[in-house]
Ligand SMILES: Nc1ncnc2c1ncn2[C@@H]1O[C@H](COP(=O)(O)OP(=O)(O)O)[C@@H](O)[C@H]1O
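The chain that follows stands alone, in the form predicted alone, written as structure tokens.
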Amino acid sequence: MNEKNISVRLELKSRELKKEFAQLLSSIHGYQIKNIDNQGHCDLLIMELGDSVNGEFDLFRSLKATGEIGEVFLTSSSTNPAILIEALRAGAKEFFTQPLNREDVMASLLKFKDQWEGAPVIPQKTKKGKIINVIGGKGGVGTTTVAVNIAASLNELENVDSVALIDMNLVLGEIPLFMDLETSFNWGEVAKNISRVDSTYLMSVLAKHPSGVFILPSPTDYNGEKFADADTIEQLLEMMMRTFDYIVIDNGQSLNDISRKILELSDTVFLVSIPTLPCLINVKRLLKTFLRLGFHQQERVKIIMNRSHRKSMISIKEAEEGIGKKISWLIPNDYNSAMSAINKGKVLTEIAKKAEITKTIQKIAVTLCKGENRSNGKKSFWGRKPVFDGSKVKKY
């Protein structure tokens, strides 16, 4: 263990605040406050933001860039969320509102001390959330509508504490529009700071919808930049599984290293189709592509037939024969309810609670919650032989 004290520099405007931090630091063995005349390098800068926020952010960025300071804790009397957002983006390790919550500050100081000393991490019992991966057979089949409303329906269940919804549609992600929600962060920004991501950081950057679902949108300013690789996304999802009961992913129609990693981690993959020949052909191609890539656990893939209606020119039996797989769920065609929800930025349970389309999606959520789609002792998708148990998964 490192015997050297952790040097702390206090840049606090209020004498009372400086006294409060000094008391907290002195109560923990291993911290040493630097004298005002001996600034130099410090391991931890505790800085108060005043009226000139932009200038103060510039100051601490320059100090970080020169290596004069290690980590930074910021504090402010302002409750403006924009300041918190900017603090996280600038690289602050912690942010404390005023008046201080002494227990929170003490916990952060102890955590930083353990990390600085290289203390072993004590394993804790944490939840292992389930990943629900929603993929479209083609564009325009209602993938986002299905993902949004499955997430909202899961969140309404009594035995579900928390649900997150991630938009992996690069460039064309529409979840914030579907939910009429302004967001400040996206998964691209979180991925860039993956080494700093813990549950506290994660909850501070996620947007919360009135339905109770937490949202992580996709980057909207794509310019060819690679926002993350598969390993980074795996780290992000592992953290989210330790934080949420369910993580629903709108995965669009992409097939790349990231989407393959998401497939590997998924407990259930919903492949969304509509009763048209081009879409069914695409679904069949996707199923074959999964196999060709080494994804053999086909029992985790459930086909959802969206916009289903009795007068369709292609019957359910013909569709199943064409794709070579049973259809698990039929979501009835209800254009008015679906479009009303999209245009109002609301979920179906808010505007069409008694509609069949809503009830069907709620049944899907209940089935997921019962654990019917999760195998015991889950292993990787890749490199395994198919497992067929002969069970019927068809539900109408």
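All residue numbers are counted from 1 along the displayed sequence. Quick caveat, the model's predicted, so the values are computed rather than measured.
Omitted here: the form predicted in complex with the named molecule. The next part is about that form.
Of the candidate stretches 174-182, 262-270, 156-164, 236-244, only 174-182 has residues with heavy atoms within 4.5 Å of the named molecule in the predicted complex. Shown alone here, residue 141 lies within 4.5 Å of the named molecule in the predicted complex, counting heavy atoms only. Within this chain, residue 332 lines the site of the named molecule in the predicted complex, having a heavy atom no more than 4.5 Å away. Mapping the unseen interface onto this chain, residue 65 falls outside it, with no heavy atom inside 4.5 Å of the named molecule in the predicted complex. When the named molecule is considered in the predicted complex, residue 145 lines it closely, a heavy atom lying within 4.5 Å. Exactly one listed residue, out of 47, 338, 33, 42, brings a non-hydrogen atom to within 4.5 Å of the named molecule in the predicted complex: 338. This chain is displayed alone, yet in the predicted complex one of 327, 342, 69, 352 has a heavy atom within 4.5 Å of the named molecule; that residue is 342. For the stretch 306-328, the set of residues having any non-hydrogen atom within 4.5 angstroms of the named molecule in the predicted complex comprises 306, 307, in sequence order.
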